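Next comes just one chain, in structure tokens: the form predicted on its own.
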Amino acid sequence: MNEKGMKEEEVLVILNEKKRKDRRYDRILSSMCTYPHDIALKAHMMFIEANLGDSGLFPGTSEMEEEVVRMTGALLGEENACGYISTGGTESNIQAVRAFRNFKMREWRGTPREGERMNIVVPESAHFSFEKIADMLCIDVRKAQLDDELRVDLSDVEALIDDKTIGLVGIAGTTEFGQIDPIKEMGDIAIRNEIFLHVDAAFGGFVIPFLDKKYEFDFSVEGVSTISVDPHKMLASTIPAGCVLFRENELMEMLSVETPYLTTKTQFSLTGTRSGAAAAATYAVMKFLGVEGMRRIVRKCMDITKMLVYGARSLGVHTVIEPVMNVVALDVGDAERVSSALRERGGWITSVTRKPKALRLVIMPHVKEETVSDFLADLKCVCEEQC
């Protein structure tokens, strides 16, 4: 810090210089985030000082968080679900697995299994947050192979389960391919083995319910114990706004920590101080859009996704799988080289999947038809140059 403060105008000049260095979403095709909705920005600023870590001081903000949990639970098959607004999918995934671990530690107390290393079974397509989970919670994360459609292979899931397995993870909208694992069948496996099932729907949770095709992926599946979903992705809330949901309060209680000097007696969240502004922003967007509004947004994104796929195929570029949602993986040969060439030619920010290698594109609400037209023109040139 300077010994003396700067004038506001001087600080704003610096801020504007830094802002110009940041990339705008206009040509970002790799991110699962987007510009916040206007009403989310207004709500966020209105509740900018609210701290849900000490929620008794901010009862109005706390009521909005509870309503968001109820509305999200109802959208995902269980209006009586409990949970809280997290910082995003990583925290939500950590908390779900932490609850599984703590529940099983209590259940196994006094048996020969106490002190042994527990494990969970996740798909190879699982988000990298599960690497953090393995490290933080001191459990093994076993990765099941994928089938030809890049969904988790159920036979491999069953083969990896043993008497130290505490839970399974299914993905509803994989980060790289937008695929949905067979959650119904995973729920059956979880029930048979008396273990938990967590559904990572960080991206898909605010997409799948609004698709024309219906999928069984949420609390409507009997074996599902917990779900993570991110309002700061397709719902266009402000960052950070995730949500972790529990079917049973008993499971969430496994996260309870006493908070003797706050206005509340216990806390379930991983972080202490929590943004009430993000909860207010999420509440505002959900109330403003409603189911019809979200359906229009998802339908528009899917229409533009189809436009992208059709245009790419006209260039001789095909998808790795038929897109399930607004995530497209294009088989362009040397994906790393094509991605780099697209950035150099048109400033396009794309990404590359791990296995199989492909050019990954996410059609978020900020992606317009003209954006895709411009992208396809540059893709055509790049592909011709690469041949």
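So that there is no doubt, residue numbering starts at 1 and follows the sequence shown. Fair warning: this is a prediction, and the values are worked out from it, not measured in the lab.
If you look for the form predicted in complex with a small molecule, you will not find it shown, but the lines that follow are about it.
- Heavy atoms within 4.5 Å of the small molecule in the predicted bound form are found in exactly one of 127-135, 266-274, 213-221, 148-156, that being 127-135.
- Taking a 4.5 Å heavy atom cutoff to the small molecule in the predicted bound form, the contact residue among G173, G83, P123, G167 is G173.
- The closest heavy atom approach of T226 to the small molecule in the predicted bound form falls outside 4.5 Å.
- Mapping the unseen interface onto this chain, S31 counts among the residues with a heavy atom inside 4.5 Å of the small molecule in the predicted bound form.
- Residue contact check for R360: one or more of its heavy atoms lie within 4.5 Å of the small molecule in the predicted bound form.
- Among residues of the shown chain, D200 is one whose heavy atoms approach the small molecule to within 4.5 Å in the predicted bound form.
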